[in-house]
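Take a look at the structure tokens below, where one protein chain is shown in two forms, each on its own, as structure 1 and structure 2.
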Structure 1
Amino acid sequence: MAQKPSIPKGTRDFGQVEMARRNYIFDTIKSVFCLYGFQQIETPAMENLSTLMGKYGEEGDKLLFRIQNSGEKAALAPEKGLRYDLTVPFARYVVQHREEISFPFKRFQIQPVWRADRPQKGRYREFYQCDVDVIGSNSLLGELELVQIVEEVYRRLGIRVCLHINNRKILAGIAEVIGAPDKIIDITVAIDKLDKIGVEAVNAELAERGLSEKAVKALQPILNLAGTTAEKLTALRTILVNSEIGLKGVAELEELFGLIEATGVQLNIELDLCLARGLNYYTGAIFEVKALDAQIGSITGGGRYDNLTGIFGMPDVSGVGISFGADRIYDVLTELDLFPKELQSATRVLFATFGDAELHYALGWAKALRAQKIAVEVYPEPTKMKKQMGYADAKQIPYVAIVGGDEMAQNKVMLKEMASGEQKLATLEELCTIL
């Protein structure tokens, strides 16, 4: 017996319903990106492994998919890997194409990425990211536009969210004032898990990573800092008074929150000092978006990176970007039943016929309707009407245009609205108007 076909764990097939819904997400996000002047690029699925390694931290490097070289010169070819995210390939692209780019460069990408992670709900090995970045400017207007984009995308999708904001300079300052400046990466990796594993487990991991009991104890009041955004920033100014980098992070957040207030952003925003974002390349503001009505991890995340292109030979170029996780957004929209019902079928009308003459008649009408950008199907053979109606019902096509001898004689069709069952004769002009 032939083995039943399958696909690798952590990957999925997408049928016609899933693709209609996914394209709804992609089109919504893309339209908002374009609204702010961002333009689309694409990069290859694979990169040289040297491009990817060392950019995502120790844990990220372990999740890279490596590609085995093949061919006569395989031993001499550079090792390759599937891209882990879209930001590092973007930095490589900027350096490689610097002569063709006008800075600041505002780009977006909607492509799949791969991570050798343990598959679970909301976490896949192959998934799509929708990235938007601006590179070549230090202005916090970049951060503000990302906040505005987050607000508009989730308003259009109908998902209630909270945007969590922090600054990696503040985290560096915290590491300084608790006496562990060399442990900044260990601290950020550990506290980034706070909402997943809890404070006791985070403290245990900090100890395992070499932080002294005194340093862990000194960190607790900072992790538990409460109050309004203004109160938290005021408290941080006192806590970080002896840390130049920490105070710079506070100043950047004060400016960003001032811009947010001045532009009337209505998004639910929280200053979250436990937000760390595990990727090592972040140097300034960091963002994470969580759905308020669904139990799932972050659905959008990103931040400021000051020298990512430097590793490719183009130093001192600052950028900021954010990534929308299309697959998690899909899960949230599904759980909350927020997809528009009309997505189920792109086809607006199906022509159902009784014979060959009627079929030829329907083809002329279909051509005329398609010229008006109306999606049309003609059932391919004049079989039993029940079968043709069943096809329309299965595909959730809202209208069926029935063509028989009487309809042809009047140069009309019998139009049936599937939801109500109502039928009426219609001319081609009337059909165009209805559809």
Structure 2
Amino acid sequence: MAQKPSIPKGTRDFGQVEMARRNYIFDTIKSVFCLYGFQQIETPAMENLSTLMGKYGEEGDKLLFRIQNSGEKAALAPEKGLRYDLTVPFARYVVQHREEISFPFKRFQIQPVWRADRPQKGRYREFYQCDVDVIGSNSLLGELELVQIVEEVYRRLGIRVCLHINNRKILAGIAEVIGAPDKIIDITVAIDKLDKIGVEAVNAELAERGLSEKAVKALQPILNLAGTTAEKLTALRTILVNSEIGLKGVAELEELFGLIEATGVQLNIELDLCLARGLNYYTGAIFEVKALDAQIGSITGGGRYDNLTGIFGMPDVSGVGISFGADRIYDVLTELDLFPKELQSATRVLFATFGDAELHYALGWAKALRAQKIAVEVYPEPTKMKKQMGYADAKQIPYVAIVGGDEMAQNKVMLKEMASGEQKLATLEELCTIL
């Protein structure tokens, strides 16, 4: 026999059980998005390479999967690549379709992205992103709704989380007041790693990135700020008193926390000044969600951006968005055993098959049950009872209906509950009620 076929490194097949679980995650997230008036869009898997290049840094450019042009006109056709995330295609979409869009534009998008990363545990070359954004409004109601969406999604999934919030304007203010306003990017990239590498390594990195000893020293009280959110914000007002942008960031956070309190959001929320997020298009609030009962890093993240569409020639459009990490949420639900038990099979009953007459009888019942929207299977051929029961077991079908001459004469079936092994005769009406 030939060698077993396989799939490319870093890609995955999803079988029925995994798909049922993935759909549970996607459906939960989608239905919450819809509750807030967000609508779905989709963009093509391939974009012109010119749309993608230069948007993810030098490292990102290298990780783009490129498509070979083929055919006679290959040399003339624009080069293409597979999308690397959903954010740049969304920006491209907004600019390309701006005449059709009614702003503020509330959209969500759930599609795979591809990265030619070195495959490793938990890192794939094809994975889904699940993004929700509102673009075309400066209102902090956008931020509030994303916080409410985080609350509701994780409440429905049963995952206890903490939402970390910061504001890029505060980070810019900090850079300003410690005397290193041009180092904002270096500072945010370095302190983003505080959790992972510790304060000393961050300080070393800051020095390496050209921050003066004085500036690094001035930064320390800010990195170590503690207390309640109100206390932190008050302290920041003092520290940032000479930075206009910093004070604006504080005011934005105060307003957002006010809205959060006014709407009674039930969620652990922490103002986390160490939160920076690597992506440099963020200009306002930034978010990250961590599961409290699993060590897995961020499972949702995002923020406010003021000029995402500027790269495509449409400046001054502000938006805010977050992205749910479906793979990590899957891992958390698995680790904490939180997937609903009844997910695997929609099928409620399998009709076992022993012969032609029984099969025709079963087909009639199956039709009646399906008309009641009850999912039913009829085993396709007469074979050993054990095999048919094994099939029901493997698919976790809760009931098997057995039909013989006696049952047909009485217009009933013998219904076996797989979990208990109990059997009883049932009419069609009784079956509908049980299922």
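All residue numbers here refer to structure 1's sequence, counted from 1. Note that the coordinates shown come from a computational prediction; the quantities given were computed from them, not determined experimentally. Between two forms, the rigid core is defined as the largest C-alpha subset superposing within 1.5 Å.
Where the criterion is the form predicted in complex with a further copy of the same chain, structure 2 meets it and its counterpart does not.
In the core-superposed comparison between structures 1 and 2, the C-alpha atom of I41 has shifted by less than 2 angstroms.
Relative to the superposed core, Q388 undergoes a Cα shift smaller than 2 Å between structures 1 and 2. In the core-superposed comparison between structures 1 and 2, the C-alpha atom of K55 has shifted by at least 2 angstroms. The rigid core superposition between structures 1 and 2 gives a CA shift for W114 of 2.7 Å. Summarising the core-aligned comparison between structures 1 and 2, the C-alpha atom of L64 is found to shift 4.0 Å.
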